[in-house]
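The form predicted on its own is given below as one chain in structure tokens.
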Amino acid sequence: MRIRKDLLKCFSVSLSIVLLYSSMFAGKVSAGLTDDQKKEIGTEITTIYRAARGVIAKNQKLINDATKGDKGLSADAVIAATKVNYKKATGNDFKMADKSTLKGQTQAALIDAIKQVMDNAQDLINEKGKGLKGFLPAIFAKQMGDGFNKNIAGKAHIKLTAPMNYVRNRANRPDKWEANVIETMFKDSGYEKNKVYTENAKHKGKDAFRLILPEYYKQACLNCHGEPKGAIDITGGKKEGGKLGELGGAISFVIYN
């Protein structure tokens, strides 16, 4: 009996050591990665993020159609359409990387987040007799980002942001680093459109590799964010007076060092 207790005690101690080391190194999957490799991961994730949001933007009329019940926008359907958009943007088929790598883990975290958001939104999207659902591209993007940040467990972070005068949701306000890049670089007429900016800088007090991607107003965006400035849009918010091609937002991505 005593031998059994000793064995159980040894097993418990061993398990504690394993768990301790696992927790110590759980967030260190980025160790050994070069800045170029981190940039590749950031570009990959922001591309998937935009591709998924584009699916919701393209289907806004369908989502708000009060005459239809099932819209056919299941999680699987949205993920499949996201992969189509991804190929259009990159010229390549979407491929999952090994899940032992940070790239594979971030991919899985974002795809799972899309699935979670769409599964939770089915009743709302498919509600017959209701027009405007409030399930807008920006709302979807916020929920997708929140899901990703939870799934990736402190290894990375993604956020949709914008110039301060265009921010509607306070949770999307740029931090000091984001605001500085937006105001001093992205708004500069000489800055190359659609070019990501990267830098090693603090994020929430932690050392991190940071990437931010500028976004510009498309025609569909102007339905809510265009002119005349101050007019009420379909959501009840005030239009910002944005113009076609103008800097309207940014996707901010972080990998913790």
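Residues carry their position along the shown sequence, with the first being 1. Remember, it's a predicted structure, so these values are computed and weren't measured experimentally.
Note that the form predicted together with a small molecule isn't included here; everything after this is about it.
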Partner-facing stretch of 200-208, 214-222, 37-45, 185-193, counted where any non-hydrogen atom is within 4.5 angstroms of the small molecule in the predicted bound form: 214-222
Of 153, 139, 97, 179, which one comes within 4.5 Å of the small molecule in the predicted bound form, counting heavy atoms only? 139
Just give me the single entry in 126, 161, 107, 149 that has a non-hydrogen atom within 4.5 angstroms of the small molecule in the predicted bound form. 161
Does residue 249 make contact with the small molecule in the predicted bound form, using a 4.5 Å heavy atom cut-off? yes
Evaluate residue 120 for contact with the small molecule in the predicted bound form, applying a 4.5 angstroms cut-off between non-hydrogen atoms, and reply yes or no. no
Please tell me whether any heavy atom belonging to residue 130 falls inside 4.5 Å of a heavy atom of the small molecule, as the geometry stands in the predicted bound form. no
In the predicted bound form, residue 244 touching the small molecule (heavy atom, 4.5 Å): no
